[in-house]
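Single chain ahead, by itself, as structure tokens, in the form predicted on its own.
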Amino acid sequence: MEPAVTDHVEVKTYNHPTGGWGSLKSLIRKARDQGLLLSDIWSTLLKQNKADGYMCVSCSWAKPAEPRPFEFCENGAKATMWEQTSKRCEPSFFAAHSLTELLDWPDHDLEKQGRLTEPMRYNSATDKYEPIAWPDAFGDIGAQLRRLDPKSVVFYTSGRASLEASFMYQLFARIYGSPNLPDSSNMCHESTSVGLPESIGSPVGSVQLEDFAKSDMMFFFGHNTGVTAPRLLHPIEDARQRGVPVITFNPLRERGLVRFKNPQNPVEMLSPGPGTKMSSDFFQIRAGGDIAAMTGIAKAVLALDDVARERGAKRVLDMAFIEEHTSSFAEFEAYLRATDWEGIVRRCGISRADLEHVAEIYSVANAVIGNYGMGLTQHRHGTENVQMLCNLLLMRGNIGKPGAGISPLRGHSNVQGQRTVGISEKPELVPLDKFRQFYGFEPPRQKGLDTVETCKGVIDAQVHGFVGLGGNFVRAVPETGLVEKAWRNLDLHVEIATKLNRSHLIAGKVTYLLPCLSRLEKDVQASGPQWVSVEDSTACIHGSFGSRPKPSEHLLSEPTIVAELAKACVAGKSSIPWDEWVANYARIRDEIERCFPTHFKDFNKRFLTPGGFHRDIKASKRVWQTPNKKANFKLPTTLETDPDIDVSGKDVLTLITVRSNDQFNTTVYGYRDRLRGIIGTRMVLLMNDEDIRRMGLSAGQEVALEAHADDGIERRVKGLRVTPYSIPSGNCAGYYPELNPLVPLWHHAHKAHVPAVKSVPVRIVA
């Protein structure tokens, strides 16, 4: 594949705030690029994240009941423009280009061809996609699936499919006989889904949107808010303006949590000032040092409590909460007292004085939110990272009260909701008995394949079929080289998508590309225009209504495509009236409520309420759905988040993969990472000045990276530009997904199987 570099490359320091005029200029540039500058896209954006409009197709941050006039951020607007482009990727494009040729195109250029317009089938003789009629496509895919062992077929979902489509999709897979339902959360927040249930009895966070206005302190661990959830900057700005401490731990000083100038505030925009200081304290922690840092803070809080007891003052620990609601605090206390400060400081790279300073602020705050992103979850001990943050909050009763709680900041819109309605490879999380009773089929009961296991199954030739509902699976996963090579041996490869991406070009023996409607577009079925629903990262369910015209008369909705595939493959094997469900999505929501009554009571009545409705998250009420009915202090086994990798050699660095201001997940909107000052290229290696000198390198020098793994597999990425950057010594950073080929498949979270892409040992080859 050609490197993601343009003719003009510029690297400079960016000291401006997130938002501001830079954000507005970026949107104008993107509108022009997509042929939308003088279109009605601006009126469409006014409906983004509104009660009568559509839920943003990028991040999963909450949609407020009382929205701002412009309830969208820079990246959300980019996602809308990118999907609503005036450009079309028609059959004539595929007639002119073979898949072999297109594999050399950068990711950005593939998606820039525009919206897919017709169903396509791969012709191996010509190495090209060719148009096919929908009935023929459905009939052949159904026949191909019936020839395969269902347990060898994977049904994957990205985070953008609606609750309705996701519910139907997982039923189709289970009726067919496949338990293999991985989704994009396997790649990012599975450490949350595994860790939180053990700690607080909930697989999702306890914080709701309204808690941010009641909080008097916030933590941020491992989250680039200005890129991955920019609308969250508004409640953070509000908090900072009322004097709330916001303490951030991240290896890179990402601009969103440094400075912010609100584009929706005319006075602020016209002010010459630098905007709001977003973090009261920002600590550049060493990659993987989070357990150590949180241990240090907790140890210092315990010391403050010791002093309070000695003086007969009010306890720092919330002992009433600890005694009534928690278990294993004595063991956790012993762990803190036994852990020495030298080891803590050495591992996290933050001084004892700074950690004690944080503890002092935390010790007097009454309502604290612990926010975190993939900087905690994507490590070998990502689950323990999550649980250590829970421990820190539990010490002072900061879960289950207003203004406080644990807040995992999910990435993709509705990735959390898909799990809620049955997209899971874990049978214990799905109401299989209800499915059998309600729909007259016997679902498979064994555990299915997650994302890492799917990749291994493809490499080992145990997976024979793959159906993807959105996403860019092959590009997003680790061990890219081996996965791509083995992927061509699949008997069946089916992708349901809006735009072309690299995964679509890795053809199996039989390959189909099925274009679908976007959430933004008008979806008219037999009963009239349809609403869909999604869940945000605060476990709130919202309605979403598309009003944009269809890019092509040939496009079908996701529920329609799923239903037609099911009719072609598993007709007569259940009592599900697929056509009736597609005719009126309200019937699908009734079935979701019937199968998941706790979370979806009165679903059809409530989901159009401004601000949506909250799922019944018991932990937010201090009801702990753990085996012992308590919130549990979970002891970390080590201060090393990635203890089984060796970075002791002087030529070995720990790589952190990051996203650009000009991308969302694997979708690259352009080559302007404005917030890092990197223009015209994505092939950079961000390094500490001291490491550059120590290794005899120079700024701008072109190098290659090799994975530091002794398993006989060569993993290398060439053409990276050495770029001095503010990052802890011993760490380096580069863009995802370009650096995915460096990540071994086995380098994942021990319990959760999340690829550990925030701590990859690498060597530089000059």
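Note that the structure is predicted; figures quoted are calculated from it, not measured. When you see a residue number, it is the position in the sequence shown, counting from 1.
The discussion below concerns the form predicted in complex with a small molecule, not included here.
Shown alone here, K758 lies within 4.5 Å of the small molecule in the model of the complex, counting heavy atoms only. Contact annotation: G612 falls outside 4.5 Å of the small molecule in the model of the complex, judged by heavy atom distances. Proximity of F221 to the small molecule in the model of the complex: non-hydrogen atoms within 4.5 Å are present. Interface residue remark: T498 is counted as part of the site for the small molecule in the model of the complex, having a heavy atom within 4.5 Å. Screening L555, V658, L565, V153 for any heavy atom within 4.5 Å of the small molecule in the model of the complex leaves a single hit, V658. Exactly one listed residue, out of V467, C89, C188, V463, brings a non-hydrogen atom to within 4.5 Å of the small molecule in the model of the complex: C188. Stretch 473 to 481 is the contacting one of 422 to 430, 318 to 326, 473 to 481, 195 to 203, since its residues have non-hydrogen atoms within 4.5 Å of the small molecule in the model of the complex.
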